[in-house]
Ligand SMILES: C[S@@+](CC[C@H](N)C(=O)[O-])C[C@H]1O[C@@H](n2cnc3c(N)ncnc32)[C@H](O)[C@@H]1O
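We begin with a single chain expressed as structure tokens, specifically the form predicted alone.
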Amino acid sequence: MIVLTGDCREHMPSHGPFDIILADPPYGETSLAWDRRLEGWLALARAALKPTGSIWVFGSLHSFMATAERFADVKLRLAQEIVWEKQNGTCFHADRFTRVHELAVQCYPGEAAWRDIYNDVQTTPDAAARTVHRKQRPPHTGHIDAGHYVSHDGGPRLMRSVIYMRNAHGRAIHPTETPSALPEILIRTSCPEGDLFGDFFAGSGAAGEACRLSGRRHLGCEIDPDMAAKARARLASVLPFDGGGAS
């Protein structure tokens, strides 16, 4: 489990190819000094991704609308998105709704077919007893293969795209820290066990912790030296830290 210190554009590409890349870059929505959109990282991440891999990017709708052309330019295709619902959120203006959600968007290489991308659909054990859920292709979706899923007697059901999870306020290392259980869901979905996860904006090391808990290898990069040190200390508390390479 490694956290490099420095600019992800300089350090991460040479360590690929990655089976999955997760990125939680600055959204560029505030006047804070660190909240500036970083240019060029997406193309480098795309080049460092395995042909059967995918990229999960955290952001707001505003940030994705502002950067949509960059995804198209590097031929990344949208697969799906999830909504992270929090117990509280931010309000930048008094005349707007308090925002209690963020988006995580999954993209994959445009030359690949979705069936070739690693995808282990996650489930939750909260289906109602003695019910059967079936999913057939809706008539308006065109040439999308029909899906079929059955849940019997309170067994597991497919995880929903809106995931409620408390944020890390009060115990966070990083000012915008994501609870490690959230990236763990994405990691288990999109990265085979034992394979390499690229964490381009490592922050507090939450995703690295999730990799350890789910049995994936982790390589992260954090530009803030103090935060990178805190992330390494966090990972060292989860397992013995090896500074010699990704493990």
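Just so it is clear, the structure is predicted and the values come from calculations on it, not from any experiment. The first residue of the sequence shown is number 1, and the count goes up from there.
One more form of this protein, predicted together with the ligand, exists but is not displayed; see below.
Asker: Taking the ligand as it sits in the model of the complex, is S204 near enough to touch it, meaning that at least one heavy atom pair lies within 4.5 angstroms?
Answerer: Heavy-atom contact with the ligand at 4.5 Å: present for S204.
Asker: With the partner left out here, check for me: in the model of the complex, does some heavy atom of P26 sit within 4.5 Å of the ligand?
Answerer: Yes, P26 is a contact residue.
Asker: Are any of the heavy atoms in S190 no more than 4.5 Å from a heavy atom of the ligand in the model of the complex?
Answerer: Although the ligand is absent here, S190 would stay clear of it in the model of the complex, with no heavy atoms inside 4.5 Å.
Asker: Hey, in the model of the complex, does T176 get a heavy atom within 4.5 angstroms of the ligand?
Answerer: Although the ligand is absent here, T176 would touch it in the model of the complex, with heavy atoms inside 4.5 Å.
Asker: Would you mind picking out the stretch of 216-224, 46-54, 63-71, 190-198 that comes within 4.5 angstroms of the ligand in the model of the complex, counting non-hydrogen atoms?
Answerer: Careful reading of the contacts points to 216-224.
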